[in-house]
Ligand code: ARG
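A single chain, nothing else alongside it, follows as structure tokens in the form predicted alone.
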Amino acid sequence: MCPPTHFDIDYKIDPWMAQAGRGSVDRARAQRQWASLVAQVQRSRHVDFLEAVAGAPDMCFTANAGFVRGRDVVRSNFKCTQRRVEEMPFADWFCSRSFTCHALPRQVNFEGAGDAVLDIQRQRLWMGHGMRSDIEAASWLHHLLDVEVVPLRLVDARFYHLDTCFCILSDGRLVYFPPAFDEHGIAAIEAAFAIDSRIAIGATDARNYACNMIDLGDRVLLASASPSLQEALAAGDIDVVFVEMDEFIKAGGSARSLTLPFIPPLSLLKPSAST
């Protein structure tokens, strides 16, 4: 995780930023919300911290730094030039800690765990493309990580990363916003997840970034959830913990976007294991 020391809306690269407007972030409030999220995560997980860099206002969204599995990191190539200043600080952090850093060709856009969601139950990686990441990144992830990769095309600019509209819970169920995907993506999702394993959320939950939750096994951290979504989560013996994230939602991110999970190799994970 990276503190929101320099967090603000300095440019407009998604509809959320365009709506909020330049310089609209209350940085002190954002810092309090981030610290509260850190405290919740640290109740059951160790957190490493990365120093914020001036001139990189979105660096607090560490999910986009890359995709980590074991000691391998597939570094991000940001599509938007405004965020490319983050690439080297992220890469330096990983390489200085003995991670093996894999770089995709510069022309292949890939935005890390924001667009790459591991499915432990089905032993595959789901990858969003069409907004920030390129479909060509799927073959590179397959080659570098030796894992099946299933591309899902994103079609709604408000949900430009997969983790804004698609979340696989540790019990194997899926929380997702169907209108964010094209018909081929919906078909792939429905083929992989039984109907009783799919929790389709509505537009209000989607706009409140309900899918951008942090799953800690026995509890999830998220900004908001409708009564029906809370009921569905509770049916899996999952406690719902609300964390204020409105300052970050202004920029198009929430709880999960502010964290980058370190995932063990699939060979060490059992389908029933929590992430």
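What you see is a predicted model; the values in this text were computed from it and never measured. For every residue, the number given is its place in the sequence shown, counted from 1.
The form predicted together with arginine exists for this protein as well; it is not shown, and the discussion that follows is about that form.
Not displayed here, arginine is kept clear of residue 260 by more than 4.5 Å at the level of heavy atoms in the predicted complex. Taking the partner from elsewhere, residue 114 is found to have a heavy atom lying within 4.5 Å of arginine in the predicted complex. None of the heavy atoms of residue 181 is located within 4.5 Å of arginine in the predicted complex. Interface residue remark: residue 160 is counted as part of the site for arginine in the predicted complex, having a heavy atom within 4.5 Å.
From the list 160 to 168, 145 to 153, 99 to 107, 199 to 207, the contact stretch for arginine in the predicted complex under a 4.5 Å heavy atom rule is 160 to 168.
Taken together, the three residues 58, 64 and 252 all come within 4.5 Å of arginine in the predicted complex, as judged by their closest heavy atom.
Taking 83, 173, 129, 75 one by one, only a single residue has any non-hydrogen atom within 4.5 Å of arginine in the predicted complex, and it is 83. Residues of 1 to 24 placing a heavy atom within 4.5 Å of arginine in the predicted complex, in sequence order: 13, 14, 17.
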